[in-house]
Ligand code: BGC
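Given as structure tokens, the chain that follows is alone and in the form predicted alone.
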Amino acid sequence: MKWMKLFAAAGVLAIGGAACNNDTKEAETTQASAGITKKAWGEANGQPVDLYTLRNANGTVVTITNYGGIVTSFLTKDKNDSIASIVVGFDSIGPYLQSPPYFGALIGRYGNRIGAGKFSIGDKNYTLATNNGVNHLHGGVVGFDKVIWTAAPITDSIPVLQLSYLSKDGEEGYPGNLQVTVTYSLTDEDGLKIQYEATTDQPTPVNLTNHSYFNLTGDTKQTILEHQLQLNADAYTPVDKGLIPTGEIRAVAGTLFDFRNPTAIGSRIDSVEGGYDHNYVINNVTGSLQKVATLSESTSGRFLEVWTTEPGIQFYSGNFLDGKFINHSGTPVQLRTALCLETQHFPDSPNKKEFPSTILEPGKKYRTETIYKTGFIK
């Protein structure tokens, strides 16, 4: 399998710019930053696209393309020393150009939905692209997931990749020139750290996230229904038929949405209309990094912790996956064979004054951080 070859190739690269073996040296160029390699990966939007490989001291490997800032694989060991990608992705750029459902992508300017694609700031009304029925979803028709980011490895003790993009005034209907920087770091503790920063010259909504789909078995022949999920959230935001929050913040106690204790995802999912696709309200948010979710799977022994500074997390149980796309392993990605845990501000916040504000003002800096930390228990 191509990603197994990638893992093996990454294993022979010396940190800090030493040579790689003959099978990879023509395709990959070692960067100055420790544990990062780069190779050409085709074209998108008429421009060349690259793939960056980040490898830490434990042998954990993450691959990221500057097209959409997409995490294409996250290779980890399980309790049996088997290696697999815990995120859904592809071995070439081609499938990503066919508009898959945001596999691994950076999302912006606004992650999740804005009702009717409309909002107001002061006395100014704005109309966004509508690409999810009558609603605006994940930044619009050409969101941050479909643009080419400027990539720069950063010299550090761990592999760090910085991506930047200028979203121009009026793009997808948003006001203001928004300068965005997203920094991916692969820590020695097997955490994929994502730091988001943005500035603007006009007031504008900003809600950035990553849309990786996880299956801790590493095999999309297996569903995620036996995965155990725990969320540090006493409340969630109910939605209407279009998945737009009603504005209510409702306690999860006694409902199908209670994941305060580890719970099998499949235990109640058939009673949830359409499956889980809901924003959870994180407890005790202070703006500091805290653990907000733990996902585990017993066959592999793998676990995934989600740490964030954000006030919300979207749990999406892969309800719209339909087998159209084939994962690394050659397996169709079917209904509920992968899930998302997207850290965020709340959906439709520009139209819900009772929700935490997502309006970034000139002179202010948007900063959030999320870590997806993986491991296994024997």
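Since this is a predicted model, take the numbers as computed values, not measurements. Note that residue numbering begins at 1 and tracks the sequence as displayed.
The discussion below concerns the form predicted together with the ligand, not included here.
- Not displayed here, the ligand is approached by H138 to within 4.5 Å at the level of heavy atoms in the predicted complex.
- Contact check for F144: every heavy atom lies farther than 4.5 Å from the ligand in the predicted complex.
- Under a 4.5 angstroms non-hydrogen atom cutoff, the ligand in the predicted complex lacks Y52 among its neighbouring residues.
- Within 4.5 Å of some heavy atom of the ligand in the predicted complex lies at least one heavy atom of P101.
- Among the residues N112, T72, T200, T220, the one placing a heavy atom within 4.5 Å of the ligand in the predicted complex is N112.
- Between the ligand and the residues L243, I224, L229, V306, the one pair within 4.5 Å by heavy atoms in the predicted complex involves L243.
- Looking at 38 to 46, 52 to 60, 329 to 337, 315 to 323, the stretch with residues near the ligand in the predicted complex, meaning non-hydrogen atoms within 4.5 angstroms, turns out to be 315 to 323.
- With contact defined as any non-hydrogen atom lying within 4.5 angstroms of the ligand in the predicted complex, D277 is the only contacting residue in 259 to 287.
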